[in-house]
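In the block that follows, a single chain appears as C-alpha coordinates, in the form predicted on its own.
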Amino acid sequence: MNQRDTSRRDFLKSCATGVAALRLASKAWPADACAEAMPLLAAAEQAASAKSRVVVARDAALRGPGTAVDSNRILSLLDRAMQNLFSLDHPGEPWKQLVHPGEKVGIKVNALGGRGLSTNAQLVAAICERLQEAGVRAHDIVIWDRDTDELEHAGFRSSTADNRVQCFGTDRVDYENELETYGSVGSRLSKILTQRCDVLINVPVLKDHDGAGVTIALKNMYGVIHNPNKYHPNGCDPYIADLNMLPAIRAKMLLTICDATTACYEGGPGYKPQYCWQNNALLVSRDPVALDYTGWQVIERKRSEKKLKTLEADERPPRYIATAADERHRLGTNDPRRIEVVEVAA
(Lines give C-alpha, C1' and ligand atoms only; values in the text may rest on other atoms or scores of the structure.)
Protein backbone atom coordinates (compact mmCIF):
# COMPACT_ATOMS: atom_id res chain seq x y z
CA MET A 1 0.00 0.00 0.00
CA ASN A 2 1.51 3.34 -0.99
CA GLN A 3 1.46 6.46 1.14
CA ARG A 4 -1.51 7.99 -0.68
CA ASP A 5 -3.62 4.95 0.18
CA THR A 6 -3.35 5.66 3.91
CA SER A 7 -6.83 6.68 4.92
CA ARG A 8 -7.69 10.04 6.39
CA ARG A 9 -8.76 8.45 9.65
CA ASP A 10 -5.39 6.68 10.05
CA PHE A 11 -3.64 9.96 9.28
CA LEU A 12 -5.57 11.75 12.00
CA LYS A 13 -4.79 8.96 14.44
CA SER A 14 -1.08 9.26 13.69
CA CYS A 15 -1.31 13.03 14.07
CA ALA A 16 -2.80 12.64 17.53
CA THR A 17 0.08 10.35 18.49
CA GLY A 18 2.53 12.84 17.02
CA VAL A 19 1.09 15.68 19.09
CA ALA A 20 1.69 13.74 22.29
CA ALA A 21 5.22 12.80 21.27
CA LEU A 22 6.10 16.37 20.31
CA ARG A 23 4.79 17.68 23.61
CA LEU A 24 6.86 15.21 25.61
CA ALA A 25 9.98 15.83 23.56
CA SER A 26 9.66 19.61 23.79
CA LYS A 27 10.15 19.46 27.56
CA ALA A 28 13.64 18.00 27.12
CA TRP A 29 14.73 19.99 24.05
CA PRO A 30 16.84 23.16 24.15
CA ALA A 31 14.99 26.43 23.65
CA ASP A 32 16.10 26.84 20.02
CA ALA A 33 15.02 23.30 19.15
CA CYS A 34 11.67 23.91 20.81
CA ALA A 35 11.21 27.04 18.71
CA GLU A 36 11.81 25.05 15.54
CA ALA A 37 9.42 22.31 16.68
CA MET A 38 6.51 24.60 17.51
CA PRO A 39 5.27 24.96 13.89
CA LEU A 40 5.26 21.16 13.58
CA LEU A 41 3.34 20.87 16.85
CA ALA A 42 0.80 23.45 15.71
CA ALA A 43 0.31 21.69 12.37
CA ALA A 44 -0.09 18.30 14.03
CA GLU A 45 -2.62 19.67 16.52
CA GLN A 46 -4.62 21.27 13.72
CA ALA A 47 -4.69 18.04 11.71
CA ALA A 48 -5.61 15.92 14.75
CA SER A 49 -8.53 18.21 15.61
CA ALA A 50 -9.76 18.57 12.02
CA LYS A 51 -13.40 17.79 11.36
CA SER A 52 -14.63 15.11 9.00
CA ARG A 53 -16.36 16.82 6.11
CA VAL A 54 -19.63 15.51 4.71
CA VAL A 55 -21.00 17.35 1.68
CA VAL A 56 -24.75 17.25 1.10
CA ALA A 57 -25.37 18.46 -2.44
CA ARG A 58 -28.95 19.03 -3.63
CA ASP A 59 -30.65 19.88 -6.89
CA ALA A 60 -34.44 20.23 -6.78
CA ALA A 61 -34.54 20.14 -10.60
CA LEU A 62 -32.47 16.95 -10.88
CA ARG A 63 -35.25 15.04 -12.57
CA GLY A 64 -36.53 17.69 -14.95
CA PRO A 65 -40.08 17.12 -16.25
CA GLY A 66 -40.02 13.32 -15.75
CA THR A 67 -38.91 10.85 -13.07
CA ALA A 68 -35.52 9.88 -14.57
CA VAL A 69 -32.43 11.65 -13.28
CA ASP A 70 -30.99 14.09 -15.82
CA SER A 71 -27.47 12.94 -16.73
CA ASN A 72 -26.10 16.47 -17.19
CA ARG A 73 -27.49 17.70 -13.90
CA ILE A 74 -26.22 14.68 -11.97
CA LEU A 75 -22.73 15.27 -13.37
CA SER A 76 -22.93 18.92 -12.31
CA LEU A 77 -24.19 17.91 -8.86
CA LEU A 78 -21.35 15.42 -8.48
CA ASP A 79 -18.84 18.08 -9.51
CA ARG A 80 -20.11 20.55 -6.93
CA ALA A 81 -20.05 17.91 -4.22
CA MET A 82 -16.49 16.81 -5.01
CA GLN A 83 -15.16 20.36 -5.35
CA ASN A 84 -16.60 21.24 -1.94
CA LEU A 85 -15.29 18.05 -0.36
CA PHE A 86 -11.74 18.65 -1.61
CA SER A 87 -11.92 22.48 -1.52
CA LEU A 88 -10.87 22.71 -5.16
CA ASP A 89 -12.16 24.92 -7.96
CA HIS A 90 -11.92 22.72 -11.06
CA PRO A 91 -14.21 19.67 -11.48
CA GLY A 92 -11.36 17.38 -12.54
CA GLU A 93 -8.93 18.19 -9.75
CA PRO A 94 -10.50 16.15 -6.91
CA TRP A 95 -10.28 12.99 -8.99
CA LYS A 96 -6.59 13.53 -9.70
CA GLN A 97 -6.01 13.62 -5.95
CA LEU A 98 -8.01 10.46 -5.47
CA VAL A 99 -6.69 8.19 -8.25
CA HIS A 100 -3.61 7.80 -10.42
CA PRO A 101 -3.30 6.61 -14.04
CA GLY A 102 -2.61 2.88 -14.11
CA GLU A 103 -4.65 2.14 -11.01
CA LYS A 104 -7.67 -0.16 -11.06
CA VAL A 105 -10.79 1.40 -9.60
CA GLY A 106 -13.79 -0.50 -8.28
CA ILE A 107 -17.17 1.23 -7.98
CA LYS A 108 -19.17 -0.78 -5.43
CA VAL A 109 -22.84 -0.04 -6.04
CA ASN A 110 -25.98 -1.32 -4.32
CA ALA A 111 -28.32 -3.13 -6.71
CA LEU A 112 -30.58 -4.84 -4.18
CA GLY A 113 -33.59 -2.55 -4.74
CA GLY A 114 -33.95 -2.97 -8.51
CA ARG A 115 -34.64 0.15 -10.56
CA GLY A 116 -36.68 1.70 -7.78
CA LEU A 117 -34.04 1.88 -5.02
CA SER A 118 -30.57 1.06 -6.33
CA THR A 119 -27.52 3.14 -7.12
CA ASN A 120 -28.42 5.33 -10.06
CA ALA A 121 -26.78 4.32 -13.35
CA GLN A 122 -26.48 7.97 -14.46
CA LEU A 123 -24.56 8.80 -11.29
CA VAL A 124 -22.15 5.93 -11.88
CA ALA A 125 -21.69 7.01 -15.50
CA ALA A 126 -20.74 10.48 -14.25
CA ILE A 127 -18.19 8.99 -11.84
CA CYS A 128 -16.71 6.90 -14.67
CA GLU A 129 -16.44 9.98 -16.87
CA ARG A 130 -14.45 11.91 -14.28
CA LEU A 131 -12.23 8.92 -13.50
CA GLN A 132 -11.29 8.56 -17.17
CA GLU A 133 -10.59 12.27 -17.43
CA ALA A 134 -8.21 11.82 -14.48
CA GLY A 135 -6.27 9.23 -16.48
CA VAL A 136 -7.85 5.92 -15.42
CA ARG A 137 -8.35 3.66 -18.42
CA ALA A 138 -11.91 2.51 -19.12
CA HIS A 139 -11.11 -1.19 -18.75
CA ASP A 140 -9.43 -0.49 -15.40
CA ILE A 141 -12.81 0.61 -13.97
CA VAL A 142 -15.24 -2.04 -12.75
CA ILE A 143 -18.82 -1.39 -11.60
CA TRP A 144 -19.80 -4.25 -9.34
CA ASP A 145 -21.99 -5.81 -6.68
CA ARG A 146 -22.84 -9.35 -5.63
CA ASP A 147 -24.78 -10.56 -8.64
CA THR A 148 -24.73 -9.73 -12.35
CA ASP A 149 -28.47 -10.26 -12.80
CA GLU A 150 -29.18 -7.85 -9.92
CA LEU A 151 -26.97 -5.25 -11.60
CA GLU A 152 -28.89 -5.59 -14.85
CA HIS A 153 -32.25 -5.39 -13.08
CA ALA A 154 -31.03 -2.17 -11.46
CA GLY A 155 -30.32 -0.62 -14.87
CA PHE A 156 -26.65 -1.44 -15.43
CA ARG A 157 -25.38 -3.16 -18.56
CA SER A 158 -22.95 -6.00 -17.88
CA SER A 159 -19.70 -5.79 -19.81
CA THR A 160 -16.31 -7.48 -19.94
CA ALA A 161 -15.13 -5.89 -23.22
CA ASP A 162 -11.46 -4.88 -23.18
CA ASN A 163 -12.11 -1.34 -24.38
CA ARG A 164 -15.01 -0.51 -22.08
CA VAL A 165 -15.78 0.06 -18.42
CA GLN A 166 -16.31 -3.35 -16.85
CA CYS A 167 -19.58 -4.24 -15.13
CA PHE A 168 -20.34 -7.60 -13.50
CA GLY A 169 -21.01 -9.28 -10.20
CA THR A 170 -18.93 -11.47 -7.92
CA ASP A 171 -20.94 -14.42 -9.26
CA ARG A 172 -18.74 -14.18 -12.38
CA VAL A 173 -15.41 -14.46 -10.52
CA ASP A 174 -16.23 -15.98 -7.07
CA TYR A 175 -14.82 -15.23 -3.64
CA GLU A 176 -11.35 -15.88 -2.30
CA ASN A 177 -10.78 -19.33 -0.80
CA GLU A 178 -9.32 -18.10 2.48
CA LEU A 179 -11.26 -16.42 5.27
CA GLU A 180 -10.33 -12.90 6.34
CA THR A 181 -11.03 -12.34 10.01
CA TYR A 182 -11.44 -9.47 12.44
CA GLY A 183 -13.32 -9.63 15.74
CA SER A 184 -16.68 -11.28 15.17
CA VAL A 185 -16.26 -11.57 11.40
CA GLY A 186 -14.78 -14.34 9.30
CA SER A 187 -15.58 -14.00 5.60
CA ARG A 188 -14.32 -14.71 2.11
CA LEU A 189 -13.91 -11.50 0.13
CA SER A 190 -14.95 -10.94 -3.46
CA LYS A 191 -12.10 -11.44 -5.92
CA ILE A 192 -13.23 -8.20 -7.55
CA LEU A 193 -12.18 -6.35 -4.40
CA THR A 194 -8.99 -8.31 -3.75
CA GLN A 195 -7.71 -8.72 -7.31
CA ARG A 196 -9.28 -5.99 -9.46
CA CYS A 197 -9.35 -2.93 -7.19
CA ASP A 198 -6.50 -0.69 -6.08
CA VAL A 199 -9.03 1.98 -5.11
CA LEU A 200 -12.60 1.38 -3.97
CA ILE A 201 -15.30 4.02 -4.43
CA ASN A 202 -18.33 3.13 -2.35
CA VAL A 203 -21.65 4.21 -3.92
CA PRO A 204 -24.47 3.09 -1.60
CA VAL A 205 -28.08 4.24 -1.36
CA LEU A 206 -29.61 6.22 1.52
CA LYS A 207 -32.15 3.90 3.05
CA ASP A 208 -33.82 2.43 6.08
CA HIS A 209 -33.01 -1.12 7.21
CA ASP A 210 -35.44 -3.34 9.12
CA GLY A 211 -32.71 -4.68 11.41
CA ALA A 212 -29.72 -2.34 11.39
CA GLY A 213 -31.76 0.87 11.39
CA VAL A 214 -30.09 2.33 8.33
CA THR A 215 -27.94 0.93 5.55
CA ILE A 216 -25.61 3.43 3.89
CA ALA A 217 -21.81 3.37 3.49
CA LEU A 218 -20.58 0.86 6.08
CA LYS A 219 -23.26 -1.76 5.56
CA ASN A 220 -22.83 -1.63 1.78
CA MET A 221 -19.70 -3.71 2.41
CA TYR A 222 -21.95 -6.68 3.18
CA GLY A 223 -22.06 -6.97 -0.59
CA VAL A 224 -18.35 -7.87 -0.79
CA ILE A 225 -18.48 -11.06 1.35
CA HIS A 226 -19.81 -14.58 0.82
CA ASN A 227 -21.80 -14.83 4.08
CA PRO A 228 -23.63 -11.55 4.86
CA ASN A 229 -26.68 -13.35 6.27
CA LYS A 230 -24.55 -14.54 9.18
CA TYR A 231 -24.06 -10.97 10.40
CA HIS A 232 -27.57 -9.63 10.91
CA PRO A 233 -28.24 -10.46 14.60
CA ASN A 234 -28.21 -7.64 17.17
CA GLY A 235 -28.83 -4.97 14.55
CA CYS A 236 -25.64 -6.03 12.72
CA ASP A 237 -23.56 -4.80 15.65
CA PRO A 238 -20.57 -5.22 15.94
CA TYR A 239 -20.45 -7.10 12.63
CA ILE A 240 -20.61 -4.08 10.32
CA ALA A 241 -17.79 -2.31 12.16
CA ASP A 242 -15.66 -5.47 12.32
CA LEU A 243 -16.18 -6.15 8.61
CA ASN A 244 -15.00 -2.68 7.67
CA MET A 245 -11.77 -3.33 9.61
CA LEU A 246 -10.66 -5.99 7.13
CA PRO A 247 -7.52 -4.57 5.47
CA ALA A 248 -8.72 -4.88 1.87
CA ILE A 249 -11.79 -2.79 2.71
CA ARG A 250 -10.21 -0.29 5.08
CA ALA A 251 -7.18 0.46 2.91
CA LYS A 252 -8.93 0.63 -0.46
CA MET A 253 -12.18 2.48 0.31
CA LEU A 254 -11.06 6.06 -0.22
CA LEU A 255 -14.39 7.74 -0.98
CA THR A 256 -18.11 7.28 -0.42
CA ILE A 257 -20.64 8.89 -2.74
CA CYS A 258 -24.06 8.10 -1.31
CA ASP A 259 -26.88 8.15 -3.84
CA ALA A 260 -29.69 9.97 -2.06
CA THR A 261 -31.56 10.92 -5.23
CA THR A 262 -34.27 8.48 -4.18
CA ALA A 263 -34.16 7.58 -0.48
CA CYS A 264 -36.10 5.30 1.85
CA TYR A 265 -37.25 6.15 5.39
CA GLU A 266 -39.16 2.96 6.30
CA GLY A 267 -39.58 -0.64 5.13
CA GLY A 268 -36.03 -1.06 3.83
CA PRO A 269 -33.80 -2.41 2.53
CA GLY A 270 -36.08 -3.58 -0.28
CA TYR A 271 -37.97 -1.20 -2.53
CA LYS A 272 -41.36 -0.17 -1.15
CA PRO A 273 -42.47 2.91 -3.11
CA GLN A 274 -44.84 4.09 -0.38
CA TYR A 275 -41.82 4.68 1.90
CA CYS A 276 -39.51 6.32 -0.62
CA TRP A 277 -39.10 9.96 -1.56
CA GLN A 278 -37.29 11.93 -4.22
CA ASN A 279 -34.59 13.55 -2.13
CA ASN A 280 -32.53 14.70 -5.16
CA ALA A 281 -29.25 14.76 -3.24
CA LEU A 282 -25.79 13.25 -2.90
CA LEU A 283 -23.88 12.74 0.34
CA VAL A 284 -20.12 12.64 -0.20
CA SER A 285 -17.32 12.05 2.29
CA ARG A 286 -14.01 10.32 2.88
CA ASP A 287 -15.19 9.33 6.38
CA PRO A 288 -17.83 6.58 6.07
CA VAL A 289 -18.80 6.80 9.75
CA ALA A 290 -19.46 10.53 9.55
CA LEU A 291 -21.43 9.98 6.35
CA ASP A 292 -23.54 7.24 7.94
CA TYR A 293 -24.23 9.43 10.97
CA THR A 294 -25.28 12.32 8.71
CA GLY A 295 -27.44 10.08 6.55
CA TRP A 296 -29.09 8.64 9.65
CA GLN A 297 -30.13 12.16 10.69
CA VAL A 298 -31.62 12.78 7.22
CA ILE A 299 -33.73 9.63 7.59
CA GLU A 300 -34.80 10.57 11.11
CA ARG A 301 -35.97 13.98 9.92
CA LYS A 302 -38.05 12.34 7.21
CA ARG A 303 -39.50 9.87 9.73
CA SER A 304 -40.46 12.78 11.96
CA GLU A 305 -42.10 14.54 9.03
CA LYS A 306 -44.11 11.36 8.36
CA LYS A 307 -45.08 11.07 12.06
CA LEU A 308 -43.12 7.85 12.55
CA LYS A 309 -41.19 6.80 15.65
CA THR A 310 -37.50 7.45 15.86
CA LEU A 311 -35.37 4.41 15.12
CA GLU A 312 -34.47 4.32 18.81
CA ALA A 313 -38.14 4.21 19.78
CA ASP A 314 -38.68 1.58 17.07
CA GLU A 315 -36.02 -0.54 18.81
CA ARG A 316 -33.59 -0.53 15.90
CA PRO A 317 -31.15 2.32 16.36
CA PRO A 318 -28.02 1.97 14.16
CA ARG A 319 -25.72 1.13 17.06
CA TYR A 320 -23.02 -0.08 14.69
CA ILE A 321 -22.21 3.54 13.79
CA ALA A 322 -20.98 4.24 17.32
CA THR A 323 -19.10 0.93 17.34
CA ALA A 324 -17.32 1.88 14.12
CA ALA A 325 -16.18 5.11 15.78
CA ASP A 326 -15.04 3.58 19.08
CA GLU A 327 -11.46 3.24 20.31
CA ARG A 328 -11.11 -0.27 18.96
CA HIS A 329 -12.19 0.52 15.41
CA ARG A 330 -11.56 4.21 14.74
CA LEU A 331 -13.08 4.00 11.29
CA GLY A 332 -14.25 7.60 11.51
CA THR A 333 -16.24 9.86 13.80
CA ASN A 334 -19.88 9.87 14.86
CA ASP A 335 -19.44 12.96 17.04
CA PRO A 336 -21.52 15.78 15.50
CA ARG A 337 -19.06 18.28 16.99
CA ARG A 338 -16.36 16.76 14.79
CA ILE A 339 -18.43 16.52 11.62
CA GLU A 340 -18.56 19.47 9.24
CA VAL A 341 -21.71 19.19 7.15
CA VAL A 342 -21.45 21.36 4.04
CA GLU A 343 -24.78 22.04 2.31
CA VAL A 344 -24.56 22.72 -1.43
CA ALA A 345 -27.56 23.68 -3.54
CA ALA A 346 -27.94 24.05 -7.30
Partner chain sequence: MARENYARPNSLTSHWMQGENCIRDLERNPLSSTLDRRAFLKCALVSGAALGICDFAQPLAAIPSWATPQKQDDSRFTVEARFYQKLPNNKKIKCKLCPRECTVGDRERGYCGVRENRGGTYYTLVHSRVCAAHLDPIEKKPFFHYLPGTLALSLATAGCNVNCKFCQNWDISQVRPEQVPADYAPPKLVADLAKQHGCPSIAYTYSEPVIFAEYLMDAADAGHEAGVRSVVVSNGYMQEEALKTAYGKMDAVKIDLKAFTESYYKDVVVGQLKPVLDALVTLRKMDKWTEIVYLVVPTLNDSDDEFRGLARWVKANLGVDVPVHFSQFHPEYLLKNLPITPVPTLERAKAIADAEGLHYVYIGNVPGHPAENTYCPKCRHMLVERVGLMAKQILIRKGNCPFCGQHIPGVWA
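Since the model is a prediction, treat every value here as computed from it, not as a measurement. Numbering follows the first chain given and starts at 1.
One more form of this protein should be noted, the form predicted in complex with its partner chain, which is absent from this view; the next part is about it.
In short, of 192-200, 158-166, 75-83, 262-270 it is 262-270 that has heavy atoms within 4.5 Å of its partner chain in the predicted complex. Proximity of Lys252 to its partner chain in the predicted complex: non-hydrogen atoms within 4.5 Å are absent; the residue sits far from the partner. Within 4.5 Å of any heavy atom of its partner chain in the predicted complex lies no heavy atom of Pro91.
Proximity of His226 to its partner chain in the predicted complex: non-hydrogen atoms within 4.5 Å are present. Residue contact check for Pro247: none of its heavy atoms lie within 4.5 Å of its partner chain in the predicted complex. For the residues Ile141, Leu123, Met221, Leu112, the 4.5 Å heavy atom test against its partner chain in the predicted complex is passed only by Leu112.
With the partner omitted from this view, the residue of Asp171, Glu103, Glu129, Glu152 that lies near its partner chain in the predicted complex is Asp171 [heavy atom within 4.5 Å]. Taking the partner from elsewhere, every residue among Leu179, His209 and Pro233 has a non-hydrogen atom within 4.5 angstroms of its partner chain in the predicted complex. In the predicted complex, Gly186, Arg188, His209 are the residues of 184-209 with at least one heavy atom within 4.5 Å of its partner chain, listed from first to last.
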